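Just the one chain here, the form predicted alone, laid out as structure tokens.
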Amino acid sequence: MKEKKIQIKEGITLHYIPTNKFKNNMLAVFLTTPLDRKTVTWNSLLTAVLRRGTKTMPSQEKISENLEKMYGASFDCGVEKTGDNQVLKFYMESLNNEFLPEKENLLQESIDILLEVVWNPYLENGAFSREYVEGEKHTIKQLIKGKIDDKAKYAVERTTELMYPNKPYGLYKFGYLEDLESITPENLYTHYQKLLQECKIDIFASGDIDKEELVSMLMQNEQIQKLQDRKPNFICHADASELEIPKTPNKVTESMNVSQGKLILGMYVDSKKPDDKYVALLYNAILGGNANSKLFQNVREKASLAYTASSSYIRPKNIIFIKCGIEIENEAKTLDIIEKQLQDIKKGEFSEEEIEICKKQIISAIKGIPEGQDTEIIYYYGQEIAGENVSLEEYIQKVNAVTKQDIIALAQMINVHTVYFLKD
């Protein structure tokens, strides 16, 4: 396996990904904590506040000045939902020392800046800056309010909420408006200190980097030295909470000012066999994963009922979303054709050629993972958080091993959980 893992301290892992494909080195720090209604908004706000300044770079302007001196190095951060976890992500990208016009240690500077952003924030009177907290509250408020702006994404979010009511995966990654008011610079800083003591910490380094030098730089860094061993608090995908299965699919229709209807079917795969996740990839590709898929060809092309018709497989939760943008009056017709596609796959009414086309597309995507440092980091993080250790080569082998009978067998275990329709 290309990635090499080194335990820095208990609960703190370095992932070293050697590659000479790029002129840049990419560093990342991921803080993983369970999704929780009580803290989801706090973590979203915290990520935004941390990027505003550090002890030695007390403003975004100062951070930008330092990055400019480093030949245009870049920094970014954000918050994501991965399975039943909320992940605070911090990225730093800079030129490899080999390509610098003068002898400098840009890797060392990059490590120092990235770790300072995460672990040595700008404080006023022992708490976060009131100006920064209030400013980022406004930003997060706009993000939460803006959830409805992209109606297609909103419809999927609503379907997720309906499938996972009062459960972690149903939470919105940016949080909730009603929680923002109670957050102060003082209690946010207290929350931050608790998070750092308990969360799972993964540090990634991708590039043409000497491993011993990298480890030495990290171990000598003041921020790393301060960190304590921990029993990391996170949710492994294998232990993710299960859906509550309805006797018949839940049907929910909501109204909003939309120009076209958004029809979402949330489906679950009733299998716990690990390798069935590779079968589900093929199933999804045949159903709605590409322009040759059953949904695209039959709902969109032949029946002309949908502007968009596709499906996506959410591997950490073992669920599939069917997504269609349609004229409001076409709901019933579209559902009938979707149901026929689901039944056709159960009956095996798809060809070996279709399987091979889908395999080639999936394998091409897998082979493309190392072509981007960020995509490679995300892949290895996904392996880490799922408790898996599957190399890209093994991944390809598992996809290639899927047979038509495997897909038919899995199709019998796929059921519709929720049908959501957003109309005007």
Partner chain sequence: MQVIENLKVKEKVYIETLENGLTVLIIPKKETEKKFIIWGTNFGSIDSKFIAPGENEITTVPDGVAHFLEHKLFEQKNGTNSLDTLTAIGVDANAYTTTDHTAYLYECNDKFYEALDEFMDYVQNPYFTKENVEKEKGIIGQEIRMYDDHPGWQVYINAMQCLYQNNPVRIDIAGSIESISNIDKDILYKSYNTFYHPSNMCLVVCGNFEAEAILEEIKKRLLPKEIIGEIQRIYPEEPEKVANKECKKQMEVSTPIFVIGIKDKVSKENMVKKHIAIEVLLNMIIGKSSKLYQTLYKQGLLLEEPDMQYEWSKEYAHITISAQSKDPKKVYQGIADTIQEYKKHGLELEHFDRIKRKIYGDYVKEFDDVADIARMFLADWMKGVNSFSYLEQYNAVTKSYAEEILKEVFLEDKTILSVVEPNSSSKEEK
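Positions refer to the first chain, counted from 1. Note that the structure is a prediction, hence the values are computed from the model and not measured.
Missing here is the form predicted together with its partner chain; even so, the following discussion is about that form.
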Heavy atom of residue 282 within 4.5 Å of its partner chain in the model of the complex: no
Partner contact for residue 148 in the model of the complex: its partner chain, 4.5 angstroms, heavy atom: yes
Residue contact check: residue 306 to its partner chain in the model of the complex, 4.5 Å heavy atom: yes
Its partner chain contact at residue 13 in the model of the complex, heavy atom, 4.5 Å: no
Contact residue in the model of the complex, chosen from 65, 36, 388, 393 - any heavy atom within 4.5 Å of its partner chain: 65
Interface residue in the model of the complex among 127, 219, 256, 236, criterion: non-hydrogen atom within 4.5 angstroms of its partner chain: 256
Partner-facing stretch of 336-344, 79-87, 248-256, 263-271, counted where any non-hydrogen atom is within 4.5 angstroms of its partner chain in the model of the complex: 248-256
Sequence-ordered residues of 331-364 touching its partner chain in the model of the complex, heavy atom within 4.5 Å: 357, 360, 364
